[in-house]
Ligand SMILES: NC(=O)c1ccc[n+]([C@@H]2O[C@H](COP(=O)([O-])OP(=O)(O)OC[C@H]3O[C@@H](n4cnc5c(N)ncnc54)[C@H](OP(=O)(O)O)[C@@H]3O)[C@@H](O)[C@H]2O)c1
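A single chain comes next, written as structure tokens; it is the form predicted alone.
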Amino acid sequence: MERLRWGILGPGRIAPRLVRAIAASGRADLVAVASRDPGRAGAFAERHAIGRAHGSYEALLADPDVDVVYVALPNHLHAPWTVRALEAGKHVLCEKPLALSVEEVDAIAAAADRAGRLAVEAFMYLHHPQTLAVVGMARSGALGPLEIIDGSFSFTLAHPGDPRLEPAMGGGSLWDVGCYPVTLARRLAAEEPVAVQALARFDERGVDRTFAGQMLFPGGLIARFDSGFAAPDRQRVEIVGRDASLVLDAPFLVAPDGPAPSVTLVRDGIATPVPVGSTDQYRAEVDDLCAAILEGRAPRVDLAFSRGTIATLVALDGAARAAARDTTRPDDGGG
């Protein structure tokens, strides 16, 4: 087999980017899409010239002409449908977060082992040349020992009924965009944090609209980040070493869906642009999974990395909720 046939489970807001990516890949063909609403599946298929529209998720998993399933459902459905797709004999690319608990990641890993199939979490930016170059520079010692990583990712989200604002669907800015600086910090540290702290502004339903967290890694690196649904579009990362620092002005969402890549090296107060390549990072993640399946090599984002991501996100969320419960107003009385 030289090409893989893909199906999309859930024609939501991000699915068109995978349509574009699969079309540009030299090893993938998009053959089917599925929705619980047959009309929605049909309209998406017609709009994107997809040959087959299924009116249920089960029908797509039963389709013998689908080799790989892209799961683009709300967060709380990621793990269950990834497991079901694996059990149906499909490889899976699942949108982040892969799961909402470590136990769900372990269930995915067990299903993948039983089926002899791959399941990969879709952190597209980890495949971009900018990310690969920055991680390589930081790990090479070019900045000196790493001291601080500071990251931000936010946008304004006010659409009522959006799954990202639904507590039962795994809503919250941490799970939606805070996971990006968290995964980058873990990639740079190449180890898991030994301590986390967090604060969040939760709405009346318990969904974080603004989140700020920090992580301490065994080697002494401290990573800080903030995420939110109540601030303008912003994304930025600063990687601070003892000798120099790197600033990324568009670390996560880059062209063609955001600004052009931008990396600046700051040493002794002098800022120097660092040339980095650019590509459609969604195509890069499709190509990576295709290569892993067809060539038998490990995917760039493996389940061990995803397990660490979910464990860290759960710990951060728990720390913020504990802090919110423990918060008391200062005594108004004098003394």
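Residue positions are given as counts along the sequence shown, with the first one as 1. Values in this document were obtained by computation on a predicted structure and should not be read as measured data.
A second form of this protein, the form predicted together with the ligand, is not displayed here; the remarks below concern that form.
- 77 is the sole member of 137, 77, 189, 250 with a non-hydrogen atom within 4.5 Å of the ligand in the predicted complex.
- With a 4.5 Å cutoff on heavy atoms, residue 208 does not count as touching the ligand in the predicted complex; it lies far away.
- For the chain shown alone, residue 127 is not a contact residue for the ligand in the predicted complex, no non-hydrogen atom being within 4.5 angstroms.
- Using a 4.5 angstroms threshold between heavy atoms, residue 226 stays clear of the ligand in the predicted complex.
- For the chain shown alone, residue 95 is a contact residue for the ligand in the predicted complex, at least one non-hydrogen atom being within 4.5 angstroms.
- Contact annotation: the ligand lies within 4.5 Å of heavy atoms from the stretch 118-126 in the predicted complex, the single such stretch among 241-249, 144-152, 118-126, 105-113.
- Along 163-177, residues 163, 164, 169, 176 each place a heavy atom within 4.5 Å of the ligand in the predicted complex.
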